[in-house]
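Take a look at this single chain, the form predicted on its own, given in structure tokens.
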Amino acid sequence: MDGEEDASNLMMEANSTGGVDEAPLSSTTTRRNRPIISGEPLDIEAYAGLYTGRTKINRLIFIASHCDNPAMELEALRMASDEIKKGENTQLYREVVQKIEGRLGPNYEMDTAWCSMIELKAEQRKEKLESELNSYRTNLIKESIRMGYNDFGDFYYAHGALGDAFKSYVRTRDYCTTSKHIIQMCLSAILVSIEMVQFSNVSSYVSKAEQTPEALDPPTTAKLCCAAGLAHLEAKKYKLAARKFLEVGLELGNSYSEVIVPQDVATYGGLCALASFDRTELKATILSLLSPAPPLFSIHNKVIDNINFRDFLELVPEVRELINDFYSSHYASCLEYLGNLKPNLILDIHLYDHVETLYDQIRNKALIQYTLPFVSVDMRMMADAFKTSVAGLEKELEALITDNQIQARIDSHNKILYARHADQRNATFQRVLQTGNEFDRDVRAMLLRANLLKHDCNLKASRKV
């Protein structure tokens, strides 16, 4: 410690609340006892019931591939098989039956007759669509050609030929005659691109759709925000992803269940915001939404735009509570919520690849925020607050100090963290000297200019003859 710190001999010991600079917006002085979720296995039936279309099937297959519970795996595969047989994707059906490996009995063995029937109907349907499209091209009717390509896109999409579906949807672009047609083309291209995990295309078609604002109704705007948020999430641009998810309006409802549902908006947006927003942004964009009576700063346009996010958070109380705990500096409770949520989050088709990174960033932010107000911190008490060992905490703090995220040094013998506060006196002197030098320079420049004018030493541009 420097001289002033030694003289003052301050030992502001860290306690379990961690030094919050303000009272939480949605808490009273006596904190409620909130139950921690039990971390029970995912209710697959309830989860799958939220979604429709191919994403429902893909999420079930993903759960079966990534869970370590054989009973959960078979249940997911059974539901996926049942859902596939409501459609026309025989290739995906064969893949699921192969994964089941006869473990669900004769009813879930390969149904060759069903596959043959579906494929025969597909060939007949394709021939009919080709005949109709050729007729439309001959007659040069733009609207009919657009609808023909759109029907082809729907056909390929239903049968799992996503590349061909994307090409067909994009071909409608040259035959779009209204802004609504362009929006429809963009949404179809976005849907297929998300399933093909080609998020560069998603961003491109979101931008294209946003260039026709006159055709954007609130539900469509919400869908585009969701798609943009997923693209930023995939690119690990968590701050941009959080902003997009926070912009989603309640008009979304269940209208985009073939891609995402409101519970996902709350979870993705909340975790990305915790990992990337600083304390001020978190207060202005999320914690204000948790207050029944929004404070005065909620007049900011950004907060007004995001006020509906409070209703999304109500659908996922665990995410709402862990955000509130983080802001209130109840880190042990926050990290416990995160720990209980983790087994289900790693089964999410969009979030699984980011869970570890998000969790690390949230924990690091909690450690930084905990130490910020103090001159010195007892690491034993800090370890107790974070439910970890002193040795483990020391390693985490070393990494943050090395990465220059915490300005401090560790007394490893006494297990105390000392802050390296900037020398305010020296910094003030330096600012005064800089200001004086700038003033001297400006005065000299003004005197020089005044003398030049006094002696008529003006530089005139030579005239061109």
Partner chain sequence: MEALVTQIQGLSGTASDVLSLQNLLKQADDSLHAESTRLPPFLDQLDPSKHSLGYLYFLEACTAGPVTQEQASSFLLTIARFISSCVAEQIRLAPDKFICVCKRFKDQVLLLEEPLRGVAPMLTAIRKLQLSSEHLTALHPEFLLLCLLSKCYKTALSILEEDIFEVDQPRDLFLFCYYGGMISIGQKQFRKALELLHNVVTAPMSTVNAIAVEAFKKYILVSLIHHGQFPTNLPKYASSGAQRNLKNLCQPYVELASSYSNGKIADLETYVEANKDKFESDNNLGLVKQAVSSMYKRNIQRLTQTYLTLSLQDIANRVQLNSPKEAEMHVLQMIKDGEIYATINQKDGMVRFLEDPEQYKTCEMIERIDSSIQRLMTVSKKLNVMDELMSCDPLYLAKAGRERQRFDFDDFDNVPQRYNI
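Definition used throughout: the rigid core is the maximal C-alpha set that superposes within 1.5 Å between two forms. Residue numbers count along the first chain shown, from 1. Worth saying up front: this structure is predicted, and the values here are computed from it rather than measured.
Keep in mind that the form predicted in complex with its partner chain is missing from the display, and what follows is about it.
Peer 1: In the predicted complex, does each residue in the set M110, C115 and M117 place a non-hydrogen atom within 4.5 angstroms of its partner chain?
Peer 2: No.
Peer 1: Would you check, heavy atoms only and a 4.5 Å threshold, whether H66 touches its partner chain in the predicted complex?
Peer 2: It does not: once its partner chain is placed as it appears in the predicted complex, H66 has no heavy atom within 4.5 Å of it.
Peer 1: Please tell me whether any heavy atom belonging to I401 falls inside 4.5 Å of a heavy atom of its partner chain, as the geometry stands in the predicted complex.
Peer 2: Yes - in the predicted complex, heavy atoms of I401 and its partner chain come within 4.5 Å of each other.
Peer 1: Considering only heavy atoms, tell me if T52 and its partner chain come within 4.5 Å of each other in the predicted complex.
Peer 2: No - in the predicted complex, heavy atoms of T52 and its partner chain never come within 4.5 Å of each other.
Peer 1: Do L42 and its partner chain share at least one heavy atom pair within 4.5 Å in the predicted complex?
Peer 2: L42: no, not in contact with its partner chain in the predicted complex.
Peer 1: Among the candidate stretches 391-399, 262-270, 163-171, 71-79, which one is within 4.5 Å of its partner chain in the predicted complex when only heavy atoms are counted?
Peer 2: Going through the listed ranges, the match is 391-399.
Peer 1: Can you name the residues of 382-418 that have a heavy atom within 4.5 Å of its partner chain in the predicted complex?
Peer 2: Read in sequence order, the residues that approach its partner chain (within 4.5 Å, in the predicted complex) are E394, E398, I401, T402, A408, R409, I410, D411, S412, H413, Y418.
Peer 1: Relative to the superposed rigid core, does P70 relocate between this form and the one not shown - that is, does its Cα move 2 Å or more?
Peer 2: No; that C-alpha moves by less than 2 Å between this form and the one not shown.
Peer 1: Just checking, between this form and the one not shown and with the core aligned, does Q430 shift 2 Å or more at the CA?
Peer 2: Yes, because once the rigid core is superposed, the C-alpha of Q430 moves 2 Å or more between this form and the one not shown.
Peer 1: With both forms fitted on the core, give yes or no for whether the Cα of D440 moves by 2 angstroms or more between this form and the one not shown.
Peer 2: It does, since the D440 C-alpha is displaced 2 Å or more between this form and the one not shown after the core fit.
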